[in-house]
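One chain comes next, on its own, written as structure tokens: the form predicted alone.
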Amino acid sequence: MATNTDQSETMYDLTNILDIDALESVRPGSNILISGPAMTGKDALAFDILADGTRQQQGAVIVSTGDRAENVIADYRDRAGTDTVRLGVVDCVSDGGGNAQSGDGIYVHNVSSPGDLTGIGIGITKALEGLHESGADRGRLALSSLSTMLTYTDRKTVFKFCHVLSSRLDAAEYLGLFTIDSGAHDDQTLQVIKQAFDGMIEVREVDGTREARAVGLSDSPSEWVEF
């Protein structure tokens, strides 16, 4: 992945959500894979990180492969604790295509299916442009989830999509968060997908407690912390 050594913006601090030293200073343009078994809170963690940015007046983009835009917007407002959000939603579930401006700083782009990676890329680009025009020069993106995309297309195509998208986020100096169900794919698929990312947040559940650690964002994996 391309990196800029002369980033003009300050780093992203994710420690309000996960108290891990490696997440205190994350470079703008970084792509992070959130990986773990089903039902371990991966999507909620990604959205909490986005909502923390919203509370800091940052922009947010959500790519939803499992829920309609209206539900995503309502849930996100609740999570952020405010109706005033600068948000772009790429809806891969609702029928129809093209753009639908929701107003109130919210932009919606409908895509025919989670397998339409070209359409998703276009929607993300338009959302980033809209947020930039609204004054959101910093922000965070969450894509939920790569596992759904992988049921529609092959791992090499999804890897290429992630790699291209990383360049767009790097140019916009946004932070990218992508969730994947580690139990739904073979090891080779996971290894291919991981190569598109700067680092990972691994999640697990132990005796009813959800834990996470950062991998690849520092010299060694962090300790597991509860979230």
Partner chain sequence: MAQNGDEALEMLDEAVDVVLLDRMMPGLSGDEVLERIRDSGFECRVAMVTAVEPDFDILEMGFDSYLTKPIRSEQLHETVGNLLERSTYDGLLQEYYSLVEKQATLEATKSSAELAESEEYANLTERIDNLQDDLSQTLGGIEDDEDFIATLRGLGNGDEH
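Positions refer to the first chain, counted from 1. Since we're looking at a predicted model, the values are computed, not measured.
What comes next is about the form predicted together with its partner chain, which does not appear here.
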Q. Hey, in the model of the complex, is Ser134 touching its partner chain, heavy atoms inside 4.5 Å?
A. no
Q. Does its partner chain come within 4.5 Å of any heavy atom of Thr125 in the model of the complex?
A. yes
**Q.** Contact label in the model of the complex: Ser167 to its partner chain, heavy atom within 4.5 Å
**A.** yes
Q: Give a yes/no on whether Arg79 approaches its partner chain to within 4.5 Å in the model of the complex, heavy atoms considered.
A: no
Q. Pick from 58-66, 189-197, 176-184, 38-46: which stretch has non-hydrogen atoms within 4.5 Å of its partner chain in the model of the complex?
A. 189-197
Q.
If the criterion is a non-hydrogen atom within 4.5 angstroms, does every one of Ala22, Arg210 and Trp224 touch its partner chain in the model of the complex?
A. no
Q) Though the partner is not shown here, which residues of 137-164 have a heavy atom within 4.5 Å of its partner chain in the model of the complex? A) Tyr152, Thr153, Asp154, Arg155, Lys156, Thr157, Phe159, Lys160, Phe161, His163, Val164
